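In structure tokens, one chain follows: the form predicted alone.
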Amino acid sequence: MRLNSPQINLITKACMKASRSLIRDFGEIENLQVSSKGPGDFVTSADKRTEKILLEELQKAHPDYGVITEETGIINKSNTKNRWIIDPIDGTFNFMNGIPQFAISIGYEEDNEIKCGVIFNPIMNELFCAEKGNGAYLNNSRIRVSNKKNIKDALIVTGGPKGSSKIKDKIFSEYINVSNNVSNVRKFGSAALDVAYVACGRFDGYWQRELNYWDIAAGIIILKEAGGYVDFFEEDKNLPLKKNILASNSIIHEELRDLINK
């Protein structure tokens, strides 16, 4: 990996340490699928265990930094200048079902701007990272968004509504409209990796409603540094950690936004 700033090195080290136990946990999932108890409680424990390791590594270096994390919530709330944004397992449902499409996601925010981030899929051994002004990388290779110009030929990814969503009809309507006007739409189940895949050109665009900030914080800087564009739409100022995201290679961005707005 060509990026070697203190923040990137720290995040990467934390991810690598946490991934060792996460890989072992993932190896146990197949056995749990056929057990009477099922994998639910086990996955919750894996989530918390991964977060604990990440927090220990990051706070060892910067105990005063603020933290926004999925499991614990907000730590050092008074420090909004320097913050870690952590999702220990993005794609938990995939993890729980033995599908190797999940990732550790950590973004570093300074003065309300994401400065660097890492998304690491430990099973595929793919580490996406970026820092402002220094580009985006997948392992040791520089990445760029696709150069797809015609939205009719675009491969788009989304997450669809959660089971508890109150706006399912709206989201399904968007899905139908987009799918009728692009080459294909995929649903992979990890917001962090969806954004990372747009960044490296595997997908041309991505949109999703009702996300949490920690789902896509690291992905924001990775996509931007890969030449992409990120847009947050219909934001609720009373819920700053909830996000509706539209991300693309920038060329098809306006057309994709129009399809969603229809």
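Since the model is a prediction, treat every value here as computed from it, not as a measurement. Sequential numbering from 1, following the sequence displayed.
Here the subject shifts to the form predicted together with a small molecule, a form of this protein not shown in this document.
- Proximity of N97 to the small molecule in the model of the complex falls outside the 4.5 Å heavy atom cutoff.
- Remark: I89 counts among the residues lining the small molecule in the model of the complex, judged by a heavy atom distance of 4.5 Å or less.
- When contacts are judged by a 4.5 Å heavy atom cut-off, D204 does not count as touching the small molecule in the model of the complex.
- Interface membership of Q208, defined by any non-hydrogen atom within 4.5 Å of the small molecule in the model of the complex, is confirmed.
- Heavy atoms within 4.5 Å of the small molecule in the model of the complex belong, among the stretches 184-192, 76-84, 115-123, 133-141, to residues of 184-192.
- Proximity of K60, G107 and E110 to the small molecule in the model of the complex is absent: no residue of the three has a non-hydrogen atom within 4.5 angstroms.
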